[in-house]
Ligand code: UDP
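In the block that follows, a single chain appears as structure tokens, in the form predicted on its own.
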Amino acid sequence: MKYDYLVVGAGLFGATFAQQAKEAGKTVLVIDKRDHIAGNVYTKEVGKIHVHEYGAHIFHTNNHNVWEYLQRFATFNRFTNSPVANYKGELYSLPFNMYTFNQMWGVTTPEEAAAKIEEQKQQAGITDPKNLEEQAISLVGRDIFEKLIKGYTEKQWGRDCKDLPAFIIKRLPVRFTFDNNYFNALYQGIPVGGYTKMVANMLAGIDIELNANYLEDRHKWDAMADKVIYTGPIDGFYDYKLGCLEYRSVRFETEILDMANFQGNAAVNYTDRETPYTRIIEHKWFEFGKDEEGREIPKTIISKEYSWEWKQGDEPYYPVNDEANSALYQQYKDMADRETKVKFGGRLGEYKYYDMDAVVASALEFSEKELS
């Protein structure tokens, strides 16, 4: 059978385009090199707990169209992301808010908190932040930078904060209220039944082949469709002929524990440099510790996250969007723009860090142009 479209990658971008193409009357084949659909939002049910296999994914958006679109395929719970920072046993509320400032300095009013930050900013003599360290200090002061940002960020990126660009942290949430909802978004939650169930609903009625590596047999797959939507790494598509784009990758150590509650929160960040992992996720709290029938789950599952430098064969997570990598990506993009049969999209195809809602929005916009 020959299809109108071959979609390479069953993550959010690929699933959204495939669903839209089918709805437009096109024939579609979706392939993925993994043994499952849903890409990095894949959730696996273990003992009635939906484990986020590739790290915590909490959906949040202000985009009404995206929210309405996904409501067709999932019901979202009311989960609110309120992580906790652990610095050598001291616990702080995230994002930075009045609870954090009270815990750090004992201040009780927004005026006192703002004055403390301004005092530390003046002491540092920063007027035009040149790197992440200076940007962070100018936003929240040196105390919070040293305890809650420096170690975590250096573990995450594998670089000194002075060697990281300021823009990485410019959108850091800082609130002079007692609001500890990390995402200041109108819509927020986790799909009931997990993300895999949602993506399966999106791909209902569409042909899917798993354990299928497009790059290993490109001619075979290309012959099966008139057009190809490729959501894999753009440099991999061109066999890295111009060099490898850089990423940070993440390794997970997951344990099933014979206890009902390990840390009392879905996410705890370990912000000191000495603790080797960046955070611990306790998956059951994404769904309030209950199964789909509303019963308490007697065990728990945790995942420790370790960040390290990506190499070929690892799963790429976070693009390193510095000047050199951005220039290299532009060269690959110039090549991609000249393709006639293949079009590129998604986090890896565009070498871009995307929140989930932005991936779906991008795929919907792309679909409208491609299918009209």
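Quick caveat, the model's predicted, so the values are computed rather than measured. In case it trips you up, residue 1 is the first one in the sequence shown, and so on.
Omitted here: the form predicted in complex with uridine-5'-diphosphate. The next part is about that form.
Contact check for Tyr152: a heavy atom falls within 4.5 Å of uridine-5'-diphosphate in the predicted bound form. In the predicted bound form, uridine-5'-diphosphate sits beyond 4.5 Å of every heavy atom of Val199. In the predicted bound form, at least one heavy atom of Leu148 sits within 4.5 Å of a heavy atom of uridine-5'-diphosphate. Heavy atoms of Tyr306 never reach within 4.5 Å of uridine-5'-diphosphate in the predicted bound form, leaving it off the interface. Not one of Asn40, Ala74 and Val359 comes within 4.5 Å of uridine-5'-diphosphate in the predicted bound form, counting any heavy atom. Of the residues given (Ile297, Cys244, Leu172, Ile208), Leu172 alone sits with a heavy atom within 4.5 Å of uridine-5'-diphosphate in the predicted bound form. This chain appears without its partner; in the predicted bound form, the one residue of Leu132, Ala266, Ile190, Ile229 with a heavy atom within 4.5 Å of uridine-5'-diphosphate is Leu132. Looking at 233-241, 252-260, 269-277, 110-118, the stretch with residues near uridine-5'-diphosphate in the predicted bound form, meaning non-hydrogen atoms within 4.5 angstroms, turns out to be 269-277. Contacts of stretch 310-331 with uridine-5'-diphosphate in the predicted bound form, defined by any heavy atom lying within 4.5 Å, are made by Tyr318 alone.
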